[in-house]
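In what follows, one protein chain appears twice in different forms, each by itself as structure tokens: structure 1 and structure 2.
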Structure 1
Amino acid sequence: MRDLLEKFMSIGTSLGAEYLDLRAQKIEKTEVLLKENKIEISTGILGGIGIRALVGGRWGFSSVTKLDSIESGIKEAISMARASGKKGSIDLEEVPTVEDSVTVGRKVDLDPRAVTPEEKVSVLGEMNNKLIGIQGVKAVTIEYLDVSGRQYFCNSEGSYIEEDKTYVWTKITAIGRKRDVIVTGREEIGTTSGFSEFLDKKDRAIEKLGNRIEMQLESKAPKGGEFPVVVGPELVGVLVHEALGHLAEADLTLSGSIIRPLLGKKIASSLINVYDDGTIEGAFGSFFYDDEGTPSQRTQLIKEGKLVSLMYDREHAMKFKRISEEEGIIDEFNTSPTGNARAESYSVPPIIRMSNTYVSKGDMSMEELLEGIKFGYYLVSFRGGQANLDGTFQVGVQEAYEISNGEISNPVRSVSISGNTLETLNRVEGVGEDFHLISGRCGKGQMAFVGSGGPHLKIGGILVGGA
């Protein structure tokens, strides 16, 4: 494959590309959907090549599905870049050239391709039966997906990387009903360590979900208004991903995110440290190299409340290097590529995406976090979330409790929280001593597997909306 891809590099540069990269992929997928005891199974093989050319400071991209179309694809990508107009402003920050061949997950235990469809169906069937047996659970849906594949990356600077990736992901949704009350709960399991890891984690997920449904059926609606809250690791993860993470993706920062004028400045309580880390063994958002050949790394985004880096691809690292020089941003502010350029598949160009994003742990116990809250909410698990570049966010909560006089009490349902990210980060009053990462999927036009999490946090006030 290497010889084949490398010979196209000179064709691209002779046609006027300042930079060219090719990503050839072969992906195998198995999906199982178990819904209402009915099973759908699908398997597929997809192959293709994504071609990216930088010409005159503008990107052209094309994707083709056959090796013998690569040359026409390169021409297409170059002509698309030219059509975009006269001199553009795109320039790439330098990264070392790499020659490597790696496997993500480092020690994949049981490749899902080696597990028969029959075995997968039987495992999911058992999970379904366990959940259905729990009182109050009326319907169960289990979505299972495994993706295995190899990517061959080659660029005109001399990098050549082969990378194997294996993802196993499951989402379990249960609907509970008691008289007129209908509640929905869900759990996700995701791993880059293979099918065995999924087998290890499934029982715990079923148990958690079953408990949640039972409890939610007995819960009441929350009061609307602003209240102090204690937020669990799962919800801290979604807040740090949705509310802060997206603002710190350099393309979005440049596109009007509220943190654009705050580079190198204090934006959060000094108790807060935030990282994006693609190197955590087995975590769902981990990988060796991003989709432009930059190694993944552990990037500190917030250091004691101060914004010290964004997440970059090569294009935006260069843009922010210039901005940082022009505006005299503090030296501590990082503008080197962070290995966050990711593409869902060969058919789309890489864009800046998170890997595993989290708040690092502090030193407070749960009792200390709850102490002094006369009335508030303990927010455990989320249903979905969204954030706006102006710094507002909204997160739906599927598991929550009242806090009264420093103690966790009645369960509440249909809670959602909203607020302003910076205000919220500044109102963090305590950071727990625990730590937990969860697996999820993130949509930004393209789908990416990510991890997120943190410790428990105490936040002075957050807007709680209820049905």
Structure 2
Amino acid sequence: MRDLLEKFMSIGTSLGAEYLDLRAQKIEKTEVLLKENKIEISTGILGGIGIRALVGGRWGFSSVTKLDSIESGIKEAISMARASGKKGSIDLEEVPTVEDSVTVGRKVDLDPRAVTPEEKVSVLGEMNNKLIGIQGVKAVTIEYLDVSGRQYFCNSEGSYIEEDKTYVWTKITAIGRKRDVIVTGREEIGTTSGFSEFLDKKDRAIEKLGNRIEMQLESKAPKGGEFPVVVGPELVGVLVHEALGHLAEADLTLSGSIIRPLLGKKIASSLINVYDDGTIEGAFGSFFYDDEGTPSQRTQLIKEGKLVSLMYDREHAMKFKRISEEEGIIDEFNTSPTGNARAESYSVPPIIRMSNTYVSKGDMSMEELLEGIKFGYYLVSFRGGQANLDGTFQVGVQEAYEISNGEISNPVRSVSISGNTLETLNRVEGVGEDFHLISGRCGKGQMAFVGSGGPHLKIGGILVGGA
């Protein structure tokens, strides 16, 4: 494959490309949807080559499904770049050339390709039956996806990378009802180690979800208003991903996110340190190289409350390097490529995406975080939510408890929290000594596997929605 791809580099540059990269993939994929005892299943092989050409400061992109169509695809990408008219302003920040062959994640215990679709459906059916057997659970939906295969990357600067990838992901959603009370719960499983680890995790996920539904059906609605809260790692991960992470993706920052005027400035409590880290072994958002061939890395976004970096691809690293020079941003602010260019498949160009985004741990015990709270809430697990470029967010909470005089007490249901990202980050009063990452998928026009999390946090006040 290497000889074939490198042959086309000289063809592309001879046709006028200032830069060219090719991403070839052969991925086997299985998707299963089990809903109301009905099953939809699809399997297939995704194979093709994505082609990016930089001509006159403008991008052109095309994709082809056959090797003998690469040359015509290169010509199309170059033509598309030229068709946009006047000279563009895109330059790429330099990165080292790389030659490597790697496998994402830990050693695969059981390749999902070795498990038949019938066996996968059987496992999901057993999971469904266990949940339906729990008192109060009335409906279950299970979404399953596995992806396995190899990707090849080659560019005109001399890099060549081969990566084997395996992901297994499942989301379980349950609806519970008791008299006139209706509640929902969800749990996700993600692994890069194969089907056996999924099997190891599924029973615990079902147990947690079943307990959560039963707890919500027996609980009361919360009081509405602003209260101090202690937030668990799962919800911390959602907040740092949705309410901060997207704001710090350099393309969205440039599009008008609230942190655009705050580069290099303090935006959070000095207790807060936030990282995006694609190098954590076995984490669901980890990888060795992004889809531009840049090594993944541990990027500190917030250092003791100060915004010290964004997440970049090569194009936006160069743009923010110029911005920092023009605006006199402090030297501490990073403008180097961070390895965050990711594409869902060969058929689309890479865009800036998170990997594993988290708050780093502190030194406070759970007892110390709860201390001094006369009345508030302990927020454990999220149900769903959204965040906006203006910094506002709203998140549903599926597991929550009252805090009374420094002790966790009665469970509550149907909780939601809302606020402004920067105000919330500045209200952090304590950071726990624990740490946990969860697995998930993120949509930004394209799907990406990600991780998020952190320790428990104590927040001095947040708006809680209630009865």
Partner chain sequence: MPFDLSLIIRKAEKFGAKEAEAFLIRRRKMSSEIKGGEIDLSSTKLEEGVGLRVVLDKGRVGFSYSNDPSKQEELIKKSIKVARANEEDENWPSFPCCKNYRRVKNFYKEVVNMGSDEVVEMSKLMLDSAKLDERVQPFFGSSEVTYDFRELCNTQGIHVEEESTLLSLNLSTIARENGKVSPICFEYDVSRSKDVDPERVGREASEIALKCLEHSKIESGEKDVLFSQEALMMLWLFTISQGIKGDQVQRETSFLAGKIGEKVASEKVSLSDDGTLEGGVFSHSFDDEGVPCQKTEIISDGTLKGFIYDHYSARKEGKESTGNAWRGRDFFGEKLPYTSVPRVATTNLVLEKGRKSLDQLIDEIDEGVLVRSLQGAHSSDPESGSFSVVATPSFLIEKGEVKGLLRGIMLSGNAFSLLEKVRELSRETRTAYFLVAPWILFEDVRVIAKGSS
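What we label the rigid core is the largest C-alpha set whose atoms superpose within 1.5 Å from one form to the other. For residue numbers, the reference is structure 1: its sequence is counted from 1. Since the model is a prediction, treat every value here as computed from it, not as a measurement.
Both panels show the same chain in isolation, but it is structure 2 that comes from the form predicted on its own. With a cut-off of 2 Å and the rigid core superposed, Thr97 has a Cα displacement that falls short of the cut-off between the two structures. With the core superposed, Lys35 shows a C-alpha displacement of at least 2 Å between the two structures. Once the cores line up, the CA of Ala243 ends up less than 2 angstroms apart between the two structures.
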